[in-house]
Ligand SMILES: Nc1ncnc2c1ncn2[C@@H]1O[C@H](COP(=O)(O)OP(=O)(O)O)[C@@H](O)[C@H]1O
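As structure tokens, one chain now follows by itself in the form predicted on its own.
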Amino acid sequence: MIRCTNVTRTFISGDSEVRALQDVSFEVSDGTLTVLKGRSGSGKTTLINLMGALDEPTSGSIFYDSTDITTLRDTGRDRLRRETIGFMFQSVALVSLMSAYENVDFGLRVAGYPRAERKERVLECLRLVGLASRMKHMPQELSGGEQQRVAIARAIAHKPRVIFADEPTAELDSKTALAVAGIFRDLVDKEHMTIVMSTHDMSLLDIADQVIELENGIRL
């Protein structure tokens, strides 16, 4: 589904050049869970931003099927993110004045999901993550793990082909992190979603179909 070929990303910092990624190549098959492994500063977030069309590589190509997304204009990249990609980040970024239900519904409205189908889809996604009974609760009334599950429901609601999760368990205790990782595994196995997740938590590697290890921007 996704192919990264010799992806390099450099940044200018003052008078020097910082190479965040260097000639990284790998493939992600449809309906699999890929984990990007590496310590802080290894290039995981940079790679997710590139694969998610939030940034562009300095050189190299990123293909979705046969389309090189690095050649798309801004409108094409916007459409790709809106229709094909779901995002999760270390910070759940839920809207504090909205309930769990409203946060997921808001994501659907932003994605342009048909109004007549939104309610059923919101409930379906909250059930998938085990939070249907908590849908009227505000984020501050939910535990950290429950907030992250709402973020998962929001990310999958518009039925993306791929979800990018950048350190989604970093702020959770180990037991809750494993529970969230289990939801990811179920989404791959039961819903045939494709997930790319970054982590430095070695206990989560066992759930992956593929592990890509990065160090100083280089794939090991």
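Because the structure is a prediction, the values reported are computed rather than measured. Start at 1 and count along the sequence shown; that's the residue number.
Absent from the display: the form predicted in complex with the named molecule. The rest refers to it.
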Exercise. Considering Gly60, Pro160, Gly43, Gly52, which brings a non-hydrogen atom within 4.5 Å of the named molecule in the model of the complex?
Worked result: Gly43
Exercise. Can you pick the one in Ala20, Ala208, Val24, Val196 that has a heavy atom within 4.5 Å of the named molecule in the model of the complex?
Worked result: Ala20
Problem set entry | Contact flag, Arg39 vs the named molecule in the model of the complex, heavy atom cut 4.5 Å | yes
Exercise. Heavy atoms within 4.5 Å of the named molecule in the model of the complex: which of the stretches 25 to 33, 43 to 51, 170 to 178, 187 to 195 has them?
Worked result: 43 to 51
